[in-house]
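The data below hold one chain only, encoded as structure tokens and taken in the form predicted on its own.
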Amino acid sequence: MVFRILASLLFIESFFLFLSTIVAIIYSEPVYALIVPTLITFVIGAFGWFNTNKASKQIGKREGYLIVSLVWVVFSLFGSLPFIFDGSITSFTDAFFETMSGFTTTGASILNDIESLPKSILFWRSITQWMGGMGMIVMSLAVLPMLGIAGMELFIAEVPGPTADKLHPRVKETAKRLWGIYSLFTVIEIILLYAGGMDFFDSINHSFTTMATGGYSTKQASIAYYDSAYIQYVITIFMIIAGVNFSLSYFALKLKFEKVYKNEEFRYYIGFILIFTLILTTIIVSNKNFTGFEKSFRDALFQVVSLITTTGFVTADYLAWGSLAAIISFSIMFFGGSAGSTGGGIKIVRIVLLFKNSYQEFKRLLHPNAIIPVRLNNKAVDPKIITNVLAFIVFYILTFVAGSVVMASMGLEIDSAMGSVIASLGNIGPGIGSVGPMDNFANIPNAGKWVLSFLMMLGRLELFTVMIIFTPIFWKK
């Protein structure tokens, strides 16, 4: 069943490769680099499908976690073919890194001349992020009825956050609604960006990567290329939307705004954005290179939203704002978006529960016999969830430390090692040091790129989903 589902997902990937081939035809570009990968992906998918006719129809927890983990590797292997066939990336390591960065919506790139790439390759690069944003498994639940059987195991393993909100009792219907909302916001952003003077092709690409909180741009200078307050504010708004739990977006579209406002995670999410924006605006205004309040506020807001939602778009070099601004920006990278959003990171709800549980410990010290639960949205949180949250955060920090040590052992300066790891683990893109907002990952050693690729997948799938596969208990009956 695992091979059958992976084969069926390759059909989806071959479809989007074919769309990129159409883009090549529209812009009179050579189609070889895309049509060959399309055929290879489709044929191998068909071979796997027809040779697993007798597969079991049951999907248990083990199969669910295995499928969700393997699909990112399989998609990245086939997705790297267009870069190699086109010659835009000659190294397989670099091509795999760029593609894994796309599918996991990390946005870390090794390309030094993005504008020189054919439009069809740029489109494929952006579509990898749009596919990965909502997740290939959630997509498959929406378009492949055969995955409706025991599909909840895949849904839980795929949807980021401590809980997986369902908008409908049937998982397939939930997936369809999530993809419907995701597609609707993408189309609206395309229209608004095009209306603001961005050309149609760039509007499509940037809308894909904004809603995916991916950060790939068709320009080497990212959003800084567009010296337009309108474009930057539009992208900022949609980054904020993409960082919100999509179930809240569903309620907002149903005009149930009270449910959105009363959601505690949402209020903290907006609160963190405002607080960090005010702090960075103050730092920029007090800087000698102050260029006006509106520009300072816009740069601060854009970078805070870009980092907290783990999108990774850039309009300014936050490392040039001074040490304090760099430390604050680095700290924001750990936060992440809301649970059930396309953002990476630890997630706001986990940060909130950590703070609340820590505060309740003071009360427990004074009243050791009292039962003092942690509450979220005026409801007591199950102690099992608190335990899971604490374990996740500890594991996240340990992974960050271990990754930083490994990268430092490869010759990276400590700031670059830490920056590359949090940028990959948090699915952010730009970090600090030599992988800051004005640089990229081209100079990372090949071994380091494989380590960072693994961290991208680990962060995208919330650590435990991947790491459980490497435990002996997973393979025992």
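Each residue number is its position in the shown sequence, starting from 1. Here the structure is a predicted model, which means the values were calculated and not measured.
Beyond what is shown, the protein has a form predicted together with another copy of the chain; the following relates to that form.
K.L.:
Candidate spot Leu354, Ile386 and Ile397, all three in 4.5 Å heavy atom range of another copy of the chain in the predicted complex?
P.N.:
Heavy-atom distance to another copy of the chain in the predicted complex: all three under 4.5 Å.
K.L.:
Another copy of the chain isn't shown here, but in the predicted complex which of Val31, Ile44, Ala442, Ala408 has a heavy atom within 4.5 Å of it?
P.N.:
Selected option: Ala408.
K.L.:
Go through Lys254, Lys363, Lys262, Lys379 and name the one with a heavy atom inside 4.5 Å of another copy of the chain in the predicted complex.
P.N.:
Looking at the other structure, the residue within range turns out to be Lys363.
K.L.:
Report yes if any heavy atom of Trp49 sits within 4.5 Å of a heavy atom of another copy of the chain in the predicted complex; otherwise report no.
P.N.:
Output for Trp49 is no: heavy atoms all beyond 4.5 Å of another copy of the chain.
K.L.:
So in the predicted complex, is another copy of the chain close enough to Phe293 to count as touching (4.5 Å, heavy atoms)?
P.N.:
So Phe293 does not count as contacting another copy of the chain.
K.L.:
Would you please decide whether Tyr359 lies within 4.5 angstroms of another copy of the chain in the predicted complex, comparing each non-hydrogen atom pair?
P.N.:
Tyr359 belongs to the contact set for another copy of the chain.
K.L.:
Contact with another copy of the chain in the predicted complex for Leu412, defined as at least one heavy atom pair within 4.5 Å: yes or no?
P.N.:
Result yes; Leu412 sits at the interface with another copy of the chain in the predicted complex.
K.L.:
Hey, of 223 to 231, 320 to 328, 301 to 309, 107 to 115, which bit sits against another copy of the chain in the predicted complex at 4.5 Å between non-hydrogen atoms?
P.N.:
Going through the listed ranges, the match is 320 to 328.
K.L.:
Within 4.5 Å of another copy of the chain in the predicted complex, which residues of 437 to 468 have a heavy atom? Give them in sequence order, or say none.
P.N.:
Sequence-ordered list: Phe464, Met467, Ile468.
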